[in-house]
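Coming up is one lone chain in structure tokens, specifically the form predicted alone.
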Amino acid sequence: MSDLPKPDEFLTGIDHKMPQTDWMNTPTEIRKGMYCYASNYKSVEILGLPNARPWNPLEDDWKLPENWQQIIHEGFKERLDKFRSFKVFMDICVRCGACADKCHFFIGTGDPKNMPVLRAELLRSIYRNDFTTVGKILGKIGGGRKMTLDVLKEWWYYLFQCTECRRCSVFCPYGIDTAEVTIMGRELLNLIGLNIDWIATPIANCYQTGNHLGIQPHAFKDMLEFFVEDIEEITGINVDPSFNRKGADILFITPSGDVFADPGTYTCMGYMMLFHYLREKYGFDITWSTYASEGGNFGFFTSHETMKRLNSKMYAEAKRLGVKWILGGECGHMWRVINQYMDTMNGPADFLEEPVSPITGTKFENAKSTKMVHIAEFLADLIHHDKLELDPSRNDNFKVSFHDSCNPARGMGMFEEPRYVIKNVCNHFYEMPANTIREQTFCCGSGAGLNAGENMELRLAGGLPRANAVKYVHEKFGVNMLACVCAIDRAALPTSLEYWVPEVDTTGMTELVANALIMPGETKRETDLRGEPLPGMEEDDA
């Protein structure tokens, strides 16, 4: 981030004034720091997507098919016919502007084309021109415009400046889901081979190895065994996880980011400690898969069909292993896909049982169709029934706030369960302002495939509103740790907070649980999972 301006300079450079020219006549400048690299053609080939070839967004020639306009037109028509919501969203917007200042990218960049209403208008203008009588007759006067190369490049640039967080939809009086418009626009771009590499390559990896990072099954197992050693060093306990075991009661699936990169690795260690505790105390029977080793679903950022294919692997593995139901880890888009799309894409999963906790007897009726339970609701149920021995004082070095990850929060309505868990394992918890949490939560700024290194300016701009709320509770309450339940958040927020609020770190919910968890037979705990002294242990190190 050395080539970026200092935070104060960044803030003074944001200009929310409207441009002098009409938005249709304002040219798009594809600028370094604001866009992700073009998709690697080898990844596009693996996915079987059209027009795989090397190309560069900064060059004039994007190497498109000769009939690319026809492809876009036919793809647009097909989706209008197939998805009634898409047709409704194209027709009913009155451009009231209620969503305009709700997007973190507009707040952070000042670019009017990042207003949700205007980002969607990029597609609506083509819709009016090609598919409405008024547009066909009046053209630009009727709000329509023709699909040109400049318009196409504008689509690509701005549709990949949207994290599909759906904050704008909360404020829309008509309930228009601009994220769905973005999804449709990206689908159309993929018809002619226009994607970004931070999406295409993870999906290609997932097709080949079962996870976005391309970790081979034996390497996935090795990673967890490294954590076994770390946990034993901290607790004196050998946790011994189970892999690919047929006949286990429960299959556990989490995003691969938790296995590969800090601070997600500490959350992963937390899962392993929790499962060991439950096995020792209650005979809990759970297994990991080294094949369906990814809960996340980058297909969500590409097309409905790609999303469907990646979602299916978890259920195929559950069927192969013969488990009763699935427990899912801390992930964002994994849970939005499961909660909002699973039934119509791959479900219902009638070969699995309706999830029931083998420890408390609680029936998770919300998972009756998906057969998949979120780790937060599972933990909240255990704590509610007093099934975990906890020492919250072990987290007393932390003053914690909670970031509602967009997809579990807005996408599946999970607001209270993570808070209940955190409040039971931490003594110092503080909420950010009400208009920045729960339904109105701000995005981390790097979701929907935008967590690349090359678009750092965009990420920091998009992360500004969330960081601003964190800065508020840091200054008012001394908050120094931001908890979340999403692997993308755990990858994106440390960078964003390092820039905007460097005094605050990022953690997963289950990491905090594991710090507080009193393991059967553990040795004296002197450090947390990060190797930092527990409260009161600092003097022992002196």
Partner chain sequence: MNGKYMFSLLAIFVLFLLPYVGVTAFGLKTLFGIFIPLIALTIFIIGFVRRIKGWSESPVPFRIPTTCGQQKSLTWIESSPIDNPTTKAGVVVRMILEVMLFRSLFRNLKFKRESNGILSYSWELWLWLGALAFHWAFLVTIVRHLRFFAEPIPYFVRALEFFDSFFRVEFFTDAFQVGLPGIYMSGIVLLAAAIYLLARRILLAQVRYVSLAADYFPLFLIIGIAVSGIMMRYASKVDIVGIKAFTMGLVTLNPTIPEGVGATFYVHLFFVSVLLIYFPFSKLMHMGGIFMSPTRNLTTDTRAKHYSNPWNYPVKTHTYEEYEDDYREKMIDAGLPVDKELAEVKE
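These numbers come from a predicted model, not from an experiment. Numbering follows the first chain given and starts at 1.
As for the form predicted in complex with the partner chain, it is not shown, yet the points below apply to it.
The closest heavy atom approach of residue 164 to the partner chain in the predicted complex falls outside 4.5 Å. Contact check for residue 154: every heavy atom lies farther than 4.5 Å from the partner chain in the predicted complex. Although the partner is absent here, residue 356 lies well away from the partner chain in the predicted complex, with no heavy atom inside 4.5 Å.
Taking the partner from elsewhere, residue 524 is found to have every heavy atom lying beyond 4.5 Å of the partner chain in the predicted complex.
From the list 416 to 424, 392 to 400, 275 to 283, 188 to 196, the contact stretch for the partner chain in the predicted complex under a 4.5 Å heavy atom rule is 416 to 424. A heavy atom within 4.5 Å of the partner chain in the predicted complex is found for one listed residue only; from 372, 251, 314, 331, this is 372. Taking a 4.5 Å heavy atom cutoff to the partner chain in the predicted complex, the contact residue among 150, 240, 233, 365 is 365. Contacts with the partner chain in the predicted complex, taken as any heavy atom within 4.5 Å, map within 21 to 38 to 21, 22, 23, 26.
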